[in-house]
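Only one chain comes next, encoded as structure tokens, the form predicted on its own.
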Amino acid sequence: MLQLDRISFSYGGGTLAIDGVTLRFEPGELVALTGPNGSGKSTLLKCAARVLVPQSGSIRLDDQESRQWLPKAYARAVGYLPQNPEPVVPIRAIDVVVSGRAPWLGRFSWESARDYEEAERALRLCDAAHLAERYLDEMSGGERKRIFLARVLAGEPRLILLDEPLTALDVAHVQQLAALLRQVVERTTATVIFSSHELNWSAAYADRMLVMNRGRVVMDGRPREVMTPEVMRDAFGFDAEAVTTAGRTWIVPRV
């Protein structure tokens, strides 16, 4: 589905934020992109979303160079949610979500009944239908995260790129949103790639984990392969113990 072939990117010609990364993503995967601050996670997602253009290497979607896709066609296929999508303004949730239908509208078209049906479907998928008439500035952080995710889903993308969707949430909402990403993959068969520092919750629900450090992918494997004391020490720089329970491995920092 998505193929990154030796892509590199630097801001202003300095140190490479991404250094020769090669990756392949298949349909129906939930992939957690992890790594220390400044390791290149956000830059990698922006390149895949065509927000940034790599200085070298190639990105292919469905075996076609990403730069050869027409902008509207690429926006239909790929949904991207940045870390801070918008300022919180007094606007209804349903109006935020239906704006995700923009790639499907004609140049001077307004949203149709079908567009609102898709927006309502996306809200239901995110367990947020009850928030449709609420205003963003009246919501909690966890509720707003669901609304912005629903806006991405309303566009019916086959590839969903999420930059730090689990940040600034309490533990209960982190668990709920991580589980929701799992449900999105299972209900839509889309591929979801999300960056996160929440290692345990990412490992609990992801099919695959990538670890980046200094612009390179240093680990690519199943969660149980990544969640080891050795990887935590070498890639993240802290001592930890691995605890396995109910078939899942959790990392506990060593104090």
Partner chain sequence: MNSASDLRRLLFLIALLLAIVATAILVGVTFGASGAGLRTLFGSDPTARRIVMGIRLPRVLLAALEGAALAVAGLTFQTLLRNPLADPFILGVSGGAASGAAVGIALGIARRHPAAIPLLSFAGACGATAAVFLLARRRRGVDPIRLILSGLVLNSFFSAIILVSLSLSPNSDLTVAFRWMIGNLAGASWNDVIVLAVSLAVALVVLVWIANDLRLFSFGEEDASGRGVAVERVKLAGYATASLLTGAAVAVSGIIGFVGLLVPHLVRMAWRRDYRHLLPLSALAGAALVVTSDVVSRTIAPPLELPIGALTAFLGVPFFLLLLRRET
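As the structure is a computational prediction, the values presented were derived from the model and not from experiment. Numbering follows the first chain given and starts at 1.
The form predicted together with the partner chain exists for this protein as well; it is not shown, and the discussion that follows is about that form.
For the marked spot (Ala172, Asp207 and Ala235), a heavy atom within 4.5 Å of the partner chain in the model of the complex is absent from each of the three residues. The partner chain in the model of the complex is not approached by Lys145, whose heavy atoms all lie more than 4.5 angstroms from it. The partner chain in the model of the complex is not approached by Gln176, whose heavy atoms all lie more than 4.5 angstroms from it. The closest heavy atom approach of Val78 to the partner chain in the model of the complex falls within 4.5 Å. Interface membership of Arg50, defined by any non-hydrogen atom within 4.5 Å of the partner chain in the model of the complex, is confirmed. Shown here without the partner chain, the chain has only Tyr11 in 6-24 lying with a heavy atom within 4.5 Å of that partner in the model of the complex.
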